[in-house]
Every structure is written in C-alpha cells, then in structure tokens.
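Next up is one chain by itself, shown in structure tokens, the form predicted alone.
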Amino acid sequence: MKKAIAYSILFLAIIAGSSFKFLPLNPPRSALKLPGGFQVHVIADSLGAARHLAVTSNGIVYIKLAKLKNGKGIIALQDLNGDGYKKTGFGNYIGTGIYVKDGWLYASSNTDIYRYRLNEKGEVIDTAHAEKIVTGLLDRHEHNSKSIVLDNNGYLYVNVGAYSNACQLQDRAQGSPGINPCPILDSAAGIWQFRTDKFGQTYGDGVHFATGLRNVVGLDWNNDIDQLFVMQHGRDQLFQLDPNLYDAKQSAELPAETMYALHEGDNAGWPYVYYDPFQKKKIVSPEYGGDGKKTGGENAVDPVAAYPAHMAPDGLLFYTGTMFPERYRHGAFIAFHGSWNRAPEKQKGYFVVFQPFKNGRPDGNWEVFADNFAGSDDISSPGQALHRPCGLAQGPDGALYVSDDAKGTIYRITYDAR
C-alpha cells in the first residue's frame, strides 16, 4: 500500500513539474565487501561529485558537491517515513566541507564558509540566504578543498592545502631546490581556527592553529579527548624529481599517509621533512638536502599513525554510536579515495578502513572495513575505479554513511548480528 501511495505521489509530482523526486523505496544492495553482520544499501546514486556529508539528528543527509548539479552545490536527502527519500538541492557554490552542529548546517566553498539555520526537523529554514562566516581563503586551484569540523566551544577548523608538491622554486621540476623558508606556509599548508558566530572573518581574524600540513581533506574532532585529528596527503614524485636517490618502487611506497593529533601551534614538518613508514622516522626532503636517510624535523610533531603511500585519505570519522559492535566504538573510520602516484605499482586505496583507538590514541593495526568500491583489484589509474569513497558521517541510529564522488553514490552501512 505504501509503495502504491508513494508512486502515485511521484506521478503527480512529475505532472505538476515539482522540483523534487523520490529515490528508490527499496534501495539496492551494493557490491561492497564488509565484515560479517554488516549490510549496505545504496540510498542515492548519480548525485554528482559527492564530497563530504553530514547527517542531522532527524536523519536528513546533507551532501556537498565539488561540481554543481542542476545548478546546486548542496543536496539534501530526507527519508519520508520509510517510503523513500525526497531529494532537494540548494546553494550555488561548489566545495567539499559540510558539518551539522547545534542547530546549524555549515558548508564551504573553496574560499568561503557559510552556515544555515536548521529548524526542529533538521531542515534548512532559508536555503536562499546563507550567513558567510569566513571569506577570502586561498584558492590556487591545487589542493583547494576546504574541509571543516567544529569543536564543542564555538570554534570551527578549516584546512587550507598547499598549492605545491614540495615548495620547490619550480614546482614538480627535477632538480629544482626547495624554497627556504617556504612562503606558502603563511596562508596555506595548515589548519586555521575561526569563531562560528562571527560574520565575514578573514585570515586576520582567525588563529593559525597548525602548520606544515601539505593537504588535509579528512579531519574530525575527537570528543573523547577534546582534540583535533587530521589525515595528511603525503607528497608525490620522489623518483621523478630525484632519480639518483629513489627508484620507482620507493617513490610508490613513500612517504606515508599520516594521521596527526593536533594542538594549537603544532608543526607537522612539510615541506622540509616527510614520514618514512619503513624507517619510522621523519626524513629530510631531497629538495632541502636530504638523501633518503638523513633525519630532521626535530621541532615537528610525529604522526600518531601511518598508512601506505598515495592512497589519499579524504574522510575521517570517530565512531560514537552503539549500533556497531563494541570494538568499533571510539575508533576511527578513514575513507581512502585512491591516488594516481603509485605507478608502476598497482593502485591502492578505494576502501574504508577502521583504526582501533584506546585512551584517545590509535591502538593496534588498521584493517579494511568496506572494500570493492573500485570494482576491481587490478586498476592502473583512478579513472578506472567505479566508485571512490570520500566522505563519512554517522547517522542518529549509529549507521555509517559513505559518499562517492565518482558516481555520486551514497551508501548506508548498518549492523545486525542475526
């Protein structure tokens, strides 16, 4: 009966020229591989370049798009009492960051951060008018996504990625030296902190919270210890830029993708050093006199966890729900988007992993949680991947949501031990 009513409404909406449509009543299962007891359903598809996402306490899913879809940069999915999802769009700007906190929806373009007031149902009250709380962030068209997260004290944190690989005099040119000091660090390659309740803030109004981070796309606030955690994309092309020091295999496996637990004033060391997961040391970059073995970065913080190179960690989420088994609670899920710089080795990534935590720090080895987004284990370039996981969010019931910016698919992962 519910299906018949929903389809009748859909037919009438089409006749009336309505701007919304219903997504599938019984969403299809995906080909993802998951641990026993977990199930996944596709709740939306073909949304466009779906980057980060956020879910309200009422279960409304908000998705930020990196490219406009039908002129809109934000998609809202609302489940109509189990009868299907209504899809609406608003916002005429592209971007990556989106976050829900204390009755507001925050969203970023590649230069600005906006917020929208939510009603008691979790719906945006006025989609046509957003409050611009941060403006004028640097966008040089490389590593330009502005990922955002909020703490519990009225502050917002945003990544401004480096518009460079290693801060060379001539970017990505063999033999070109690194600039010392690196001028990029004044307005990029770091995390900035702003107030959530002040309009029109610029760099001068914010706090340069952390520096020396080449590019952060995945970040989250760890409420267990009240601290910011971020995932850094490591540098590229060690072999191509310094073939006398590195071979192609080393270049494919160096440096690590790294997780940092940050305090105000921390420096992660880019571009002067990188983290070698095999030597478990900070190594001086070749552009700054390194030879692949020379250590440095004595004043730079160490990562709290390291992962294989060139997998592009684009999403980070601390799981606080109760739906999943106890071992997952307070641990971190990481969405690895997959990268291009592993040739001639096979591509890696295109999965969501779980990192166990204990007492607010990574504890034990990470493990693959959701796999087969790419559709194959044998791909040579990111363009061959069917899906690429990007954003992560937790629903009010503890379900895990994953976005895909290749096909615009939204996954909902649940657990049932039966």
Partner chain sequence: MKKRLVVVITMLGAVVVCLNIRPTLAEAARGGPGPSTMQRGQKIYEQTCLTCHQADAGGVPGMTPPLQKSPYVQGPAVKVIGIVMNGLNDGVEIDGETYTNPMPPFGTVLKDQEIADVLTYLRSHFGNKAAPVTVTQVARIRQELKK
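The structure displayed is predicted, hence computed values, not measured ones. Residue numbers count along the first chain shown, from 1.
Keep in mind that the form predicted in complex with its partner chain is missing from the display, and what follows is about it.
With the partner omitted here, the stretch from 181 to 189, 275 to 283, 84 to 92, 340 to 348 that lies within 4.5 Å of its partner chain by heavy atoms in the predicted bound form is 340 to 348. Although the partner is absent here, K121 is not a contact residue: none of its heavy atoms lies within 4.5 angstroms of its partner chain in the predicted bound form. In the predicted bound form, at least one heavy atom of G383 sits within 4.5 Å of a heavy atom of its partner chain. Its partner chain is not drawn, but in the predicted bound form it has a heavy atom within 4.5 Å of R388. Proximity of A173 to its partner chain in the predicted bound form falls within the 4.5 Å heavy atom cutoff.
With the partner omitted from this view, the residue of D197, D205, E142, E264 that lies near its partner chain in the predicted bound form is E142 [heavy atom within 4.5 Å].
Checking T127, T295, N223, Q240 for any heavy atom within 4.5 Å of its partner chain in the predicted bound form turns up a single hit: Q240.
Contact annotation for 149 to 166: no residue has a non-hydrogen atom within 4.5 angstroms of its partner chain in the predicted bound form.
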